Each structure stands twice: as structure tokens, then as C-alpha cells.
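Presented as C-alpha cells, the chain that follows is alone, the form predicted on its own.
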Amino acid sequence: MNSQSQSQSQRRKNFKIEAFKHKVELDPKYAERTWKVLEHAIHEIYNNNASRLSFEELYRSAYNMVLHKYGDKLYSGLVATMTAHLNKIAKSVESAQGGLFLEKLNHKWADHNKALQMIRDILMYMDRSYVPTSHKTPVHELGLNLWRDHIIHSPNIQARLQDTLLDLVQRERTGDVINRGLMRNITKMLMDLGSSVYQDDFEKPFLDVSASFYSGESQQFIECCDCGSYLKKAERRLNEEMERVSHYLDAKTEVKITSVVEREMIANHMQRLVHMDNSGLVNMLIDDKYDDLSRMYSLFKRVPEGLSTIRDVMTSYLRERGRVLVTDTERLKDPVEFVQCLLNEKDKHDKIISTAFNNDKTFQNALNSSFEYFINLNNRSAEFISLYLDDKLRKGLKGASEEEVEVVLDKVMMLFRYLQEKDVFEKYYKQHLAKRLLSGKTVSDDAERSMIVKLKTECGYQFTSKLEGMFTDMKTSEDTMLDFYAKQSAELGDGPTLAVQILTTGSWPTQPTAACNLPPEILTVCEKFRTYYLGTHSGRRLTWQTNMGTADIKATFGKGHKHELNVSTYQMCVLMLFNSADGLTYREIEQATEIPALDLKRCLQSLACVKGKNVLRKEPMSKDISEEDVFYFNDKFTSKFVKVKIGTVVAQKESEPEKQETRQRVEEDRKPQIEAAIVRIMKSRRVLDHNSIVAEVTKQLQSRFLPNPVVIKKRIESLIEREFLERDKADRKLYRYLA
């Protein structure tokens, strides 16, 4: 079986077709005669007389010539005949005058292509059998090559063609209307002849001439136009070139010609454009020129270093503008206005980035880093942002919808994120929230809680745990007072009504507790409450914070005018003295109440110096309180309101000593946080050098504040003293953790 199949396959391999053994005799003049017929046919085709030819007979003649080994004669005859015709065509094209030159060339090219198609059909057999085996050029390609060599590269045509094409482009650039269809046919001809022909004979000179044209035009524009107008012209030129490519140039030319325009009109003038007097980038930013900015962004994006040029100028402008804003002494007088300015700046530039800069992340980052830079130049930014929130949550957001409240809070949170000293903000926010809660002056609990949720999301539970504790205390106090009055109402009788808020010491901002002498009527009720509370809760201690309370008192003035006065606890203590005296000196009031001097002066100022609220009269009359002043009950006080609220003249911002005290408290609070971070790091690393500890501590704490390296060093020293760490014996800069 095996040997049989082998012999079969052997036979298959040896099988081949052989030529006839006997020789076919041909007429010696056969080849010449047949070629003459074919040559005549080619002449007729070029002379547009092809309709009289029999293509079938011609095909058979060419077929027989190749079959009888006359392919060489046929091929060389074809080359000679076509060359002769093309030389005639060249002369005809050369003789064409002016605008007819391209028309004639285009017309002759169309004829040549048609002739080539017919010739290829006749010589199809030669194309398929003789050409590949003899390594000759196929008929169609041969026709193109001959056209290239004898027409396009003819000494009298080549330069003229190039000049004519470039002149037409130039005329179109200067506003003339040209025959785009004709241009498209000619450039298509060059492309059909091979990409190198199109590139060498047209594209390269076209790009060189364009570079020179746009170099001159850009120079001319930049001298006479402002930045916005220049960019419009550059954009128009860029669009024109892209349109030109789509109409009559090779698609691959687009990237080359646009890069010429970009280089000559944009890249070479970037610095001059962005810094142009009265119209450059900074002026566009100031005047909200969204269209111009968008145009600059899209044009500069096309060139290397374009966007970074815009970004750098924008950043330096923002930093300088921000620096001026946060150090402007006039603006610093009003914290709410100060923060509103910052928010307006942020909104303005956010809109520019989203509208004109395509919401580019790198621009957003530049904006954020600029804001972070200048907000932290002012060490009162944290306090002012808290004061702004205080203003909004007291009254500014009254009547606002839930969505509007959220928008305001989100904007403030954005500024909060820029703060390096978030713990300072926390200190102030706690103080302001405490005052809002205790005075009942908050727009809504929902807005307050929403803010706390945002802070918690941003900074974690520890940041807001005490703030949440303040809300818990307020609710607990309500329940406690209900219980107190339910159990004590019989004993209290018709005395003053008391509303106590019991504050957990750790949750609320610590206040210096200066004792103040309360009127006897109030003292009695306070003592009853103290007895009740300490009886209900064992192991607790109550300290009255008289500086934080308010009171409603009824007063009768001259002619029996009665008013209900809403005052602070301090103001109540002062006013109650006038039930038993008509006039009192500053010193007598100070002695009787023991209110701290600074608070007493503010208190008397609001009772005697504020028009429409002056329930006391002072001599001599002046805006400020001095220790020699004498105060009288103002019998002549009138008001169209029955209820009169007498606010305390209060400094919205902290005074310098208060500021120092807050700063000191912040620094003290930071010490344990820095120590805890050092211990955490050393516990996991065991051994670490000084610089690495500083870097790690800064990294861990930067979400709350930027720790000072000097303070970190002091905390390390303190931990070494308390034997949490030790210095390495050999290398003093290395620290070891002691378990």
C-alpha cells in the first residue's frame, strides 16, 4: 500500500506540459506587418479616431505577437510611438498663452489618460505575460512615467507650471476668485504621477512660499492690530488653508500647511501676543473676553508650549491680583466683603476656564494653586471665612431655597480647602457657631448641619465631633428645662423665667469665666436651678457663663411709655441698678456689677450711645466711654416698637489681644497633634533621621495645618525627655523609638 502511493506521487511530480516538437513556420515579415497595424491604431487613438478601430482584432494581433516571442518589439515600439506623441503634445502645451496654459495641459492630460486606457486594453495580454517575465513597467504606469518625463519635466513646462500654480494660490489668498476645479485636476495629475512628483514639483515650493507670505503678513498684522483682532485674522487664515486643502490639494498637505501658519502666525509671536498692551491675555481676563480667550486657547493649543505660555501668564496675574486683594487694608476692614471678593474672583475665573479654556484640568489646577498661594498670605483668612459663614448663617441666607444654601456652602468649602491652617478655621467656626446657637440666631438648623456634614466629609469625624456635641447639648438643654419647670413650677411662683443652656465643657469653646454680680431676683432662680440640676446629675459642676446670656426686661419710661427690652445679661445687670438710683458713675457701675472693663465699656456704649436704643443718658455726651462718665436713666426714651432689641457694640473681628490669645490656643492645641504624629511614625519605622520625621509629620498633618519644623523639633525634644524616643549613640541625627 505504502510503496504504491509513493510511486503515484513520483509520477505526479514528473508530469509537465511540453511545447510542440514540430516547429511552426512564420512569415518573416509577420512581426513588422502586425506591428504596423498596431502602431497605426495607437496613432488613431491619439488622434481621437478610435471609433473606426476593431479592438478585438487589435487585441488578437498583440496577443499573437507576444505568443510568437515578439513581445520585445511590441513593447519598444509602444514606447517609441507614445514618446513621439507626447513630444508633440509638449509643444502644443508650451505654445498655450497665459491662462490657457493650464486649460491646455488639463485637456491633454484627460486625452492621454483616455488613450492610455484603450492602449492598455489592446495590449492586455502583453501586460499580463510579457511584462512580468521581462521585468518591464506595465503599460499604464509606463504611460504616466512618459507623461512625467516628457511633459511635466519638460524644460519649458516644469518651472512655468510651478509658477502658475503658486501664482493662483497667491491670488486666491489676496481675495481673487480662481478656477478651483482646474486647480484640483492639475494637482490630482501631479499626485497620480507619484507622491514625489506632487511634493517636489508643487508641495515643497508651496510650503516655502507660504512660510514667507505668512511671516510678512503676521509682522504687518502685529504692528497694527490688537491681540483679539490678530487672533481672528490668524484663525481665518488657518481655516482658509484647511479649506484650500479640502478643495484642491492632497489631504496629507493639511498638516504641513497648517503647521506653517501656526509657526509663522502664532508660535513666533506668542510672547508678544499674550503681553500686548491694553489687549493681551491679562486684559482679556479682566474684561471677560470669552470669545477672544477661547480663540487664543484653541490657537495656542496647536503649537508647542502654547498652553503653558497662557497658563504661566494667567498664574502670575492671578497671584499678583490675589496678593493685592488679600493685603488691601480697606478690604480687610470688612471680613464679609473680603470673602465675597474672593468668591467673586473664583466664580469669574471658573467661568473663564469652563467657557473659554475647555474646562482644561491643567488650568483648573493653576487656578487652585494660585488661590491657595494668596489666601494663605493673609493669616486672618481662616477667621474671615468663618465670619463670612457666620454672617450667612445668621441672616444672609434667610429666605434662600435649599439649593441656594447648598451653593453658598459649597463655594465656602472650596475656599476652606485652600486654607493651610484648617485648625485655625475650626477654632473660629466653633466660637461663631456657639454664639449663633446660644443666641438662637441661626437661619436654619438644616443649613448648620449641612455645613457640619461638609466639614466632616472634608476633614473626618474628629474635626466635627465637638461641633455635633454642641447641637446635642442644645437639644438636651430643652428637655432639661421642660423637666425643671414641670417639677419646680409651684416653688418658682411669679419670679423671672429662666432658660438655661447646659454646655459640655469639652464641646464648646472655652471662655474666660469672669464672675458677674447678678441681680438678687435672678440669683434666687439660678440657685434653685443649680440645686435641681446637681440633684438630678451627680458628679457634675455648673459654672455660669454670664458673658454669653441674654434677657428680656420690661421698662417704663416717661409719660408711662412701656417697652420690652431684649438685652445681654451684662446689660440687664447694668439696667437693674437704675431701679434704685437715678444716676451712677462708671466706677459705681463697675463696682456693683464686677463686669470686666472691656465688656462693660461695650455694654454702656450700646445702652447710651446708639441712636434709637439709648435707654441711658451719659454725661458728657460722646461716642466713647471714659471712666469719669456719669450715666442716668433716660426718661425721654421713645421707640415706635414695643419690643426693642439692644445689641452689644461688638467688634466683628477680634481685637489684637484676642487674636494673640486665639493664636496661642491654636499653637497649644497643635502640640499634642504633632507629638501623636511623631509617635505614630516612629512606632512603625522604629529608626528615622530628623529630616525624614519632619517630612512625614508635615505630610500627615497638612490636611489640618502646616506644622512649623522648629515646633516639630521642640516636640521631638519633649518626647526624648519623656523617654518616648532616644538619639542614636553614633549618629545624633538619628532617632530610635522606645517601646
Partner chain sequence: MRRSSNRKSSSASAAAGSGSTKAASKEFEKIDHLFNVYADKSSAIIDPEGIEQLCSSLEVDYTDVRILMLAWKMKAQKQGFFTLEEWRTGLKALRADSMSKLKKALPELDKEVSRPTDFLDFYSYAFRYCLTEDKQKCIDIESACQLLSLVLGTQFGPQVDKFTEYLKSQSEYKVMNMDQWMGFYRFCNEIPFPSLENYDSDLAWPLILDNFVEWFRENQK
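From a predicted model like this one, the values you see are computed outputs, not experimental measurements. Numbering follows the first chain given and starts at 1.
Keep in mind that the form predicted together with the partner chain is missing from the display, and what follows is about it.
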So which stretch, 32-40, 699-707, 672-680, 685-693, is the one near the partner chain in the model of the complex (non-hydrogen atoms, 4.5 Å)?
685-693
The partner chain contact in the model of the complex: residue 713, any heavy atom under 4.5 Å
yes
So in the model of the complex, is the partner chain close enough to residue 736 to count as touching (4.5 Å, heavy atoms)?
no
Within 703-728, which residues have a heavy atom closer than or equal to 4.5 Å from the partner chain in the model of the complex?
710, 713, 714, 717, 720, 721, 723, 727
